[in-house]
Every structure is written in structure tokens, then in C-alpha cells.
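Coming up is one lone chain in C-alpha cells, specifically the form predicted alone.
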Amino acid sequence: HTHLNYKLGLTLQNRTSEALTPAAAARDEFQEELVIRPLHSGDIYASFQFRTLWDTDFLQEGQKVSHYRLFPKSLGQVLSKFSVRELHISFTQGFWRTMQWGQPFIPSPPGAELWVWFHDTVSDVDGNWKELTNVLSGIFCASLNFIDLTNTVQPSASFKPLGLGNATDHRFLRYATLPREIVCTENLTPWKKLLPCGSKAGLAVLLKSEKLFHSSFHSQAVHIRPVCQDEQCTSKAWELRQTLNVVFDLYTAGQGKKEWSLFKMFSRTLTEACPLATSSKVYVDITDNPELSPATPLLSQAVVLGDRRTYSVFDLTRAETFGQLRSLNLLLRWKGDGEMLRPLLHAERYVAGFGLQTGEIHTVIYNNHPYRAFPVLLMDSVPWYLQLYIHTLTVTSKSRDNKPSYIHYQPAKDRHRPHLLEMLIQLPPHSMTEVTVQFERALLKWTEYTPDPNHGFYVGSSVVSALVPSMVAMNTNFTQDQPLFSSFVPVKEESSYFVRVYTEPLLVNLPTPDFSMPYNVICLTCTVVAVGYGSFYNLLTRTFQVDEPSLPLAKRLANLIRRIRGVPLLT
């Protein structure tokens, strides 16, 4: 009955919206998609993408958007109030292992990441940024309110707009990360509530928190940007893309064989598409010829991240997809004996040195292309309490100096802003390039330490952005029916594709005072006060009485006899 009432409510909502504003109701659409990719390690990668398109204008002067149908009102009000042109936010638990799993469809660093392009009419960008982080903190139930000027940077080249417009004035861009942010159910629940069908119908019924968080990697994100609706860009629309990526581990799932199903992954099966969705599909990667049941005659080929892949397609809007049982439970078996295509771009980072005074940050970038060199853009944001010695910066490739063709460095200000370092580096073919810089640890005030200072302080991931040469010709044609997983980053040329790689976050120890000393002082002080003051107080408040000396034994015996005889006693 609850499910029937929910579907009836959605139908009434649809008809009411169309009756009130028929033109507005036809201007938005919703698509949902799930991609399942078996990995050579035996793990399995599932990527959800939900896209809402709405051809309205939140930033038009004098126009207030009041009617919302599919687009969430909470995010629409944020866009209009703070004059946001693009917003990208992600919450990630775990680290994406590029060399084992390949490249993800949409990368994200561990913890929380937020970068926003504001409209060029905003006069106080820092003020809007501060208010925006507090509002998003409430919407997603996260610690984004800890984002302030001490961990916010303005990249000059690394984060260009992914939507319409070629903005070059980085004064309207803000970027910040919280590498220690823990992602949990309280972040997933408001994320699911932004979907038109919530978690009641469609692919979102698979998003069961106890299964998603029992995984090796979990990342949820929200991307909002203006996009074109056709190849000539005659009409524009706002795109809200909600993505969720998860990697289930072969062994922690309680099974040792490479056999997965929807029920084993999510403890649920698919029974219907979201009634509000114009497209609802499941793509299963069958490039390496796994056993898939039930089989489907629908096949699709796509060039994804420089690799041509083949997918079996299950269209949930067609009744025959679910069979007689009205339930779809995909089963995958594979051996995984083939070789995985090595990612052409890979990066790592670590801290070297000893002691608590100085250290060295090493960033290693790998170009695995056998014969092509290409440039990469490296961005590092380092907290102010790690004081960089920029004159010690070295870049070496194949044991030779590699001089960057572009360097942008903004020094830190204590307790005001972090270091920002951006470099354009040419990577030789089949090479390893190492970037090193020395730093000195600063002494913090005792009130600036975290509650667990001996755990260490986190430094956000380095960001490597590049146009990587493609082994296969990329598809540059714009079509509305192309899969969502291959249309997030627009492809401008057939010979290359855009890749963004995040390194590991760093955990750095700082000189930490002995916070047990105040406890010892408190204990000692309390003991001294209790003994000294207690004795003094006892002397001041006690009443004293004179105790008369007792008579000797002979007199006491004599007085006993006198008392019996009735004679006066001796004194």
C-alpha cells in the first residue's frame, strides 16, 4: 500500500505540475544510469549517475524562480542567492587505486572537495563563499563550515569551468578540501532526497547504506553547471548531475570467487524505473567477455578514457527487461586472466625526512605512454603551518632537470591563507617525473591543536590535470542519447581526452606539546590544596575544650570508700 500511495502521489504531482504550468513542466527532464564494470583484481565497480536538465535561468535579473518540479528547490535557491555559475562538491571515503582499478569515470579526492565558480557580478566573493559553505554544510549534513580562508585557494589554471563559458578570471573561483572529512549515512540521506524519486523507485532503491559503506571505495558528488541542449548551442539549460561510485572488495564481501550479482552487491534487485525518468538504463561492461545473465540483445560501444568498451544495455523503461518475475537481478562471472590496460597517467605523493623540524614533500608523476610526451598541470595546496622553502623546488625526469614552462606560486600567510603552487610540466614518454620541495614545521598555539594532535595533521591531495593522448579516436559528436558516463567532460578533439588525477593525502606530524602536563599540574595542585587548606580550615573551625587531669589510683580508691561511707570526697 505504501508503494502504491507513493506512485499515486508522483502521478498526481506530475499532473498538477502540468496543469499549473504546462510550458514549465515540459522544460525539464530526468535521466538515471548505472554502469557495472568488473575489475581484473576481482573487485567490482558500480557507478550511478542521475542527471536533471532544466532550461531556466537562476541568474536572470528581476526573475525569481518559484516553481520547481524535478530540480531540487534547496539547490536552486542556493544558485540564485549566491550567484553561482558552477558548483562541484564530492564526499569520498577511501582512496581510488588507479594502478589496480584503472581510471574512474569522475575522479574525486579522499574527504570532501568543493570548488565553485561565481558569476562575474559578485562583488564580495569571499563573503559569498563563506555563506555558501555554511549553507551546503547544512544541506549535506557535513563539516563544510570548517572551510575558511586558511584552507581556500584560487587556482589560476587547474580548474576551468566544465560548463558553458570560458571564464579566465580566477578571482571568481574558490577551491577547498577537507581531507579528514568522514563520509557516513548522514551524508548519503540528504543526497538521496535531492533525487526526484528519492530512494523509493528506480536505480536509487539499490542505494542501501549498510552495503555502500561496507566497501573499499565510496564517493558521492553533486555537479551543477550550465550546458548546451544541442550541438549548435541554440538553447541552454542547467544540469544537475548526482554521481555515486562504489567499489566492492572481493574478499571483504565474504566470497573468494569472481562472481557478483545485484543482490550480493546491494541486497536488493531492480523492479521498475523511476516514473519521472525519461531514460533509465543499466550498462554492464562485457569487453573482457564475462558471463552475464540474463542476456540482452542490446549492445553499445563507447570510447571511454581512451579505451573502446562494449556494454550490454538493460532499458528499465521496457517491461520485458524484468521478465516474468518482475525483477532484474544481474549475475556476473569472470576469470580475469587478461591484462589490464595500464593507465597512461598516474601520480603518487609522500613525505620524507626525519625529526619534527624539517621535511620534504615528494610528488611522483608517471607517464606510461610508450612514445608520446604530453604536458600536465600540477596543483599543490599546502597549509600555512608547513613553511615551504620554494628555492629548494626541483623537478627531475629520467635523472635530468625538467624545467616547468609555467609556475604560479602564492606564498602562505600565517593563519590567513595556505601555499598555492601550480606548474606546467612536460612528461617525457615512458618516464617517472619527481617533484620535491622542502618545508619546515611551524609551532602552533596550544589552542590551535586538534583534540587528537598526536594523530597528525592532514594535507590535501595534489591535483594533476592533463590532456592525455588517446590510443583510440575519441568521439567528438554531441548527441543527447549518449551515455551519461561518457559525456561529463566534453571532448574537443579526437586525439586526446581530459584526465584529472588525485594523489594520496598526506599525514604530517607537527611539534606537539605534552598535553598531559596540565593534567599532572591539576592533580598536584588539587592534592596540595586538599592537604594544606584542609588542615588549616580544620584548625580554624574546630572547638577546643580543656580536659581536666584525672586523679591518681590511690585517691580514686579512697573516694570510692568515702562515697560508700558517706564522707566528703578528696579533691
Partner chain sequence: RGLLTRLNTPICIVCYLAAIVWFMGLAFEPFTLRTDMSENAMGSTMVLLRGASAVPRQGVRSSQKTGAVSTWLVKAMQSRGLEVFTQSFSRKLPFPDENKERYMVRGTNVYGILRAPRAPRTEALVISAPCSPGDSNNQAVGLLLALAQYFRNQVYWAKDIIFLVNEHDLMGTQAWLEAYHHTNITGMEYSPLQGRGGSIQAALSLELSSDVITSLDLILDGLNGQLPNLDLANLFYAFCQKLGVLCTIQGKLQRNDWDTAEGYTHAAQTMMLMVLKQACGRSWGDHGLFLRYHIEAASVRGINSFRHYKTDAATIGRLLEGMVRKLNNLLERLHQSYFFYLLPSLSRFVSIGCYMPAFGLLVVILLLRALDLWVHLGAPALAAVEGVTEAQQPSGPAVLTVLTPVVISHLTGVALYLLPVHLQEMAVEHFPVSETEAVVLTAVAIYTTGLALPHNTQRLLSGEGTEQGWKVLKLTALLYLAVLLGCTALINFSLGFVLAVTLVPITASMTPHMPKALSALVMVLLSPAFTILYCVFIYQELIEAPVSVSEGWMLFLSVISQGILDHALYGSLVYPLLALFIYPCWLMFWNILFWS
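Numbering follows the first chain given and starts at 1. Note that the structure is a prediction, hence the values are computed from the model and not measured.
Same protein, other form: the form predicted in complex with its partner chain, not shown, and the subject of what follows.
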{"item": "Proximity of residue 453 to its partner chain in the model of the complex, heavy atoms at 4.5 Å", "value": "yes"}
{"item": "Close approach of residue 504 to its partner chain in the model of the complex, 4.5 Å, heavy atom", "value": "yes"}
{"item": "Residue 215: touches its partner chain in the model of the complex, heavy atom cutoff 4.5 angstroms", "value": "yes"}
{"item": "Touches its partner chain in the model of the complex: residue 95 (any heavy atom, 4.5 Å)", "value": "yes"}
{"item": "Candidate stretches 323-331, 286-294, 140-148, 354-362 - the one whose heavy atoms come within 4.5 Å of its partner chain in the model of the complex", "value": "354-362"}
{"item": "The single option of 259, 315, 434, 307 touching its partner chain in the model of the complex, heavy atom within 4.5 Å", "value": "434"}
{"item": "Partner-contacting position among 266, 105, 191, 366 - heavy atom within 4.5 Å of its partner chain in the model of the complex", "value": "366"}
{"item": "Contact at 100, 249 and 348 by its partner chain in the model of the complex, all three, heavy atom at most 4.5 Å", "value": "yes"}
